[in-house]
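The chain that follows stands alone, in the form predicted on its own, written as structure tokens.
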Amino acid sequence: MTPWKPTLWVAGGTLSLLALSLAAVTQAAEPERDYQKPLPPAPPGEATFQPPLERDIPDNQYGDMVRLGRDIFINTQQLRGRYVFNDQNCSNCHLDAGRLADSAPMWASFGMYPAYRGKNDRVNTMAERIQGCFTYSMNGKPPAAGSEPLVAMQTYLHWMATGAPINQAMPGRGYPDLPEPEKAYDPARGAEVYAQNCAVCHGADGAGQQVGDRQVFPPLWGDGAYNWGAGMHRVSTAAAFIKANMPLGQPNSLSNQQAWDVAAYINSHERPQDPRRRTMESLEATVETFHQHGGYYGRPFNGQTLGDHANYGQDERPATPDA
């Protein structure tokens, strides 16, 4: 029996070493999660694709759903209190009802999904992408899969992409890439740009403007704005949008530096909490995981740490019925 003892010991040692090796390999094989990674940029060049005209929406059940999706896209506030808890509409960030090139047009995005998104570290369908907009840009609750609002919006986007290629990024998708500014962006300089170019529509207090019950210009900070998890809170994203589209009707009228500075000014104001903060142990952990992109979340500014609050912006007004 004695000769078997060292053999068993060696086998046991080999198994232990093998287990350790396998564990090391498994650990090394786990991909590093990057919640900051954006989608690939659009190719350069002038946008040539033309979405179909609204007069060409077919007169059938499909067309009825397209029209409903268009109406929700333009007036997302009709879902206020149920799926939307701020003062935003989809068409605030996707101008001309999602048709305008270089304003994240819907015809250029539909064919790119399903796609991997670093923001939640998994492959997203178009439905999930829209649901994410409700969570962050609308600071609300995403409509359930198969619900009428979500199906209507997907149908509208599907119709807008009629004739567009699948799995091929087109010029005009997203917002144009904006080079880093020559000087570091500065909210103080941005305040001057804002006063001269933006306050007339969005108000000196950033609260936007209403005509009756209709929000005609969106809030840029405060409870009515996009929350700290929305893509637009990134200074780089806001600067690219502003440069290509603002002031309204005067695209590319601001210099690159002005666009960066005014984006910094806008996004150095408080807004509703990032919903992902609910699952994190601290503000610092939230910053470390989700906010390594040059924004102001979790940073001291004007005597306070931005995002250091529990205001998730829950709307207390009565819910509206489903659209």
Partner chain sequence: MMRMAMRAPGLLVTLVAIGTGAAWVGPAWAADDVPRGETIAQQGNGQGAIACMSCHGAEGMGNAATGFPRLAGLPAGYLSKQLHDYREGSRQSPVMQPFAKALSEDDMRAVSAYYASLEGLDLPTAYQAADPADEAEWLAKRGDWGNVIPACNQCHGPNGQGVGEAFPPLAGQHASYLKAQLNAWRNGSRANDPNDLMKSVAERLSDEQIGLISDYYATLPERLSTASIADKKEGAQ
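For clarity, every value in this text was computed on a predicted model and none was experimentally measured. Positions refer to the first chain, counted from 1.
Another form, the form predicted together with its partner chain, is not on view; read the next lines as being about it.
- Only one of L100, A164, A207, A169 lies close to its partner chain in the predicted complex, with a heavy atom inside 4.5 Å, and it is L100.
- Think of it this way: in the predicted complex, its partner chain has a heavy atom of just one of A145, V216, A184, A188 within 4.5 Å, and the residue is V216.
- C201 belongs to the set of residues with a heavy atom inside 4.5 Å of its partner chain in the predicted complex.
- Using a 4.5 angstroms threshold between heavy atoms, H291 stays clear of its partner chain in the predicted complex.
- Residue contact check for D96: one or more of its heavy atoms lie within 4.5 Å of its partner chain in the predicted complex.
- A residue is said to contact a partner when one of its heavy atoms sits within 4.5 Å of a partner heavy atom; T125 fails this definition for its partner chain in the predicted complex, lying far away.
- Exactly one of the stretches 106 to 114, 223 to 231, 244 to 252, 176 to 184 approaches its partner chain in the predicted complex with heavy atoms within 4.5 Å, and it is 244 to 252.
- Site residues P44, D59 and C133 are none of them in contact with its partner chain in the predicted complex, judged by any heavy atom within 4.5 Å.
- Residues R70, D71, I74, N75 are the members of 65 to 80 with a non-hydrogen atom no more than 4.5 angstroms from its partner chain in the predicted complex.
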